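First, one chain by itself: the form predicted on its own, in structure tokens.
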């Protein structure tokens, strides 16, 4: 009985992964547009750093090359993190857009299976898209990553997966609570994370209340530890404390987000909010 149940859920998981893949194939032109947008955003950050010297704004205590590396790595990481975050957060929006939300939510499949299927594809696609942008940015700006410790970076990426999924699932609740404004609120959440997590600057420059809030963001530890691994060659033992913090956050965020999602789903069904598109 348990084996049959596991096989059923595993098949459903693969089905949701394949459905996401088919959706991207159907809307490949839009994905090309968003890929170009992400590339242009990263390039803009790179040229911003390159232009500091022409404005006489060379940072004190750090070379322009190091500043450029700091900003470009932050921009590349944010491209990946924000893309995965949005794809998970827009799980409900995708269902509404396709007109499948009622069928999916009535299917005899655990909600965690549904959400993890979407998450798995989002992670793979996010890595692929960030890699494509990196293949353009690294040679264009002649980034020197010869001292990077890739094992440490991979360790942090793996540890950051759980809290990133938890944040995405929490945000996916918003369209269930408010069909009219939930999707827009996801952009607000992204903006808050961008402000607090030190994507383009160390969080030490923030006012104390925002600095303390930034310490609660898993993206803060992800960005800081990956930068240490890529820029300074930090060993796995050096980034282990950050990895442990990220895993602890994930063990709290994922179960809590799934529980809250189930509660929001029950409320949406009770109030008839599933089908509405605003």
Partner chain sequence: MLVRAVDQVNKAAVEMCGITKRFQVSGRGLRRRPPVEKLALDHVSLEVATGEITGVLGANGSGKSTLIRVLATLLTPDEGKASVFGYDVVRQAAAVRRHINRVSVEAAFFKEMSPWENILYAARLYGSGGAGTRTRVEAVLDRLELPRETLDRPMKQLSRGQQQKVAIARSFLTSPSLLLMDEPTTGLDPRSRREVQDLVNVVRAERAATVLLSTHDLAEAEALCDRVVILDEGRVLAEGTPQDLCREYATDGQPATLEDVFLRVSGKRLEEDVEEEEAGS
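Fair warning: this is a prediction, and the values are worked out from it, not measured in the lab. Positions refer to the first chain, counted from 1.
As for the form predicted together with the partner chain, it is not shown, yet the points below apply to it.
(request) Look up in the predicted complex whether residue 232 has a non-hydrogen atom within 4.5 angstroms of the partner chain, and give yes or no. (result) Heavy-atom contact with the partner chain at 4.5 Å: absent for residue 232.
(message) Whether residue 98 contacts the partner chain in the predicted complex should be assessed with a 4.5 Å heavy atom distance threshold; does it?
(response) Yes.
(message) Would you classify residue 37 as touching the partner chain in the predicted complex, given a 4.5 Å non-hydrogen atom cut-off?
(response) Judged by the heavy-atom cut-off of 4.5 Å, residue 37 is well away from the partner chain in the predicted complex.
(request) Indicate whether the partner chain has at least one heavy atom within 4.5 Å of a heavy atom of residue 107 in the predicted complex. (result) Flag for residue 107 set to yes.
(request) Could you tell me if all three of 8, 14 and 25 have a heavy atom no more than 4.5 Å from the partner chain in the predicted complex? (result) Yes.
(request) Could you spot which one of 103, 150, 187, 201 gets a heavy atom to within 4.5 Å of the partner chain in the predicted complex? (result) Residue within 4.5 Å of the partner: 103.
(request) Choose one stretch from 207-215, 220-228, 43-51, 25-33: the one whose residues place a heavy atom within 4.5 angstroms of the partner chain in the predicted complex. (result) Only one stretch qualifies here: 25-33.
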